[in-house]
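Coming up is one lone chain in structure tokens, specifically the form predicted on its own.
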């Protein structure tokens, strides 16, 4: 007896990926990985599950609330990874004796957050991270930023700007506004919401979390607005009495990074932005967010972010290891590019579509498809049979570029008909020349 009909659906915030979406997605991943490797970053992987104690307390109160946590069948408290950075810190602390210094790693994998799903934001999504562990230098900061910018370049994302700040700048500006430095992390988390809830929302958040007056909250925002570039930032900090050593460590580091990124040819994509806060607690130095400039997708938010986290790895071991990284949100960027019409046509078939005209031609069609594949041409063998026109239509819809028709008089003569599915043009060549002919057509 059949059971009740299932309500077939996916969890909210989770998605199935259909072939038309996966084709452009795989192309993006290949381009991203190629840039990471070109800069000398090595691949690693870490488990989806960690002991809960590894992840909790690293992201701040709000981040901890978004962790998927549960007790497994062995009674262990575990959590699904929230990002790829904290697992990296655990990885480096655990395997430090086996790793070179500096250690350049990249990691591409899914992460999970019990967040509120919205446009471009999902509960399961893929991050593409590149991190440099072992050196605290402007050159290390700049190298990671250049990697991120060259990823965008490889993906042909022209309308993007990286907004850069420094945690030392944030702390100094908050102190300049009269806020107790001990409360800086709370204020930073409020300022991090500026692009989401606006100035009035941030003022209300500061009043609530700092228990301060509206005047003090507005003074915090006004100080940030006054520091519109590195020159005005320096003036604000001097006027607030911030000592030269602190200014050199923050503003001086930013100037050096900007100069190095410009030397790599990407200076026009980097902008100082005092309001960039990055709400995660583990950041210690330079921080950044990448935003798309097209107003159609501005609401999607940051598509690539990161910063320096010099204390995180040391929290898992006896040795402090400075580190800096950048993380691209694949799902959010792909959603934005799809809306802008920059994400490919969604075709997913092989380059060549091999059709047996009759049942008796099946063996020859299989042999030809095998020859094409051995020659490096992706080939799909039509298995549906039936009318040739319907089969060709199927291959065209799947994105195949050419069709090879095996059978009839051509097969008797040791030949095959090759049809360009885009132009409709057709030619007949010998079977021995088929792979070379198809390869030539694909190069055009």
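Residue numbers count along the first chain shown, from 1. Take the two forms, superpose them, and find the largest set of C-alpha atoms that agree within 1.5 Å; that set is the rigid core. Here the structure is a predicted model, which means the values were calculated and not measured.
Beyond what is shown, the protein has a form predicted in complex with the RNA; the following relates to that form.
- For the candidate spot formed by 81, 269 and 402, no residue has a non-hydrogen atom within 4.5 angstroms of the RNA in the predicted complex.
- Proximity to the RNA in the predicted complex, defined as a heavy atom within 4.5 Å, holds among 77, 116, 95, 374 only for 116.
- With the partner omitted from this view, the residue of 334, 127, 171, 284 that lies near the RNA in the predicted complex is 127 [heavy atom within 4.5 Å].
- At least one heavy atom of residue 13 is located within 4.5 Å of the RNA in the predicted complex.
- Heavy atoms of residue 409 reach within 4.5 Å of the RNA in the predicted complex, making it an interface residue.
- In the predicted complex, none of the heavy atoms of residue 58 sits within 4.5 Å of a heavy atom of the RNA.
- Proximity of residue 106 to the RNA in the predicted complex: non-hydrogen atoms within 4.5 Å are absent; the residue sits far from the partner.
- Only one listed stretch (233-241, 143-151, 218-226, 276-284) carries heavy atoms within 4.5 Å of the RNA in the predicted complex, and that stretch is 276-284.
- Looking at 349-373, the one residue that comes within 4.5 Å of the RNA in the predicted complex, counting any heavy atom, is 357.
- Once the rigid core is overlaid between the shown form and the other one, residue 296 does not reach a Cα shift of 2 Å, moving by less than that.
- Residue 205: CA moves 2 Å or more between the shown form and the other one after rigid-core fitting.
- Annotation: residue 299/residue 185 CA-CA distance shorter in the predicted complex than in the displayed model, change of at least 3 Å.
- Annotation for the pair residue 58/residue 189: C-alpha atoms recede from each other in the predicted complex, by 3 Å or more compared with this form.
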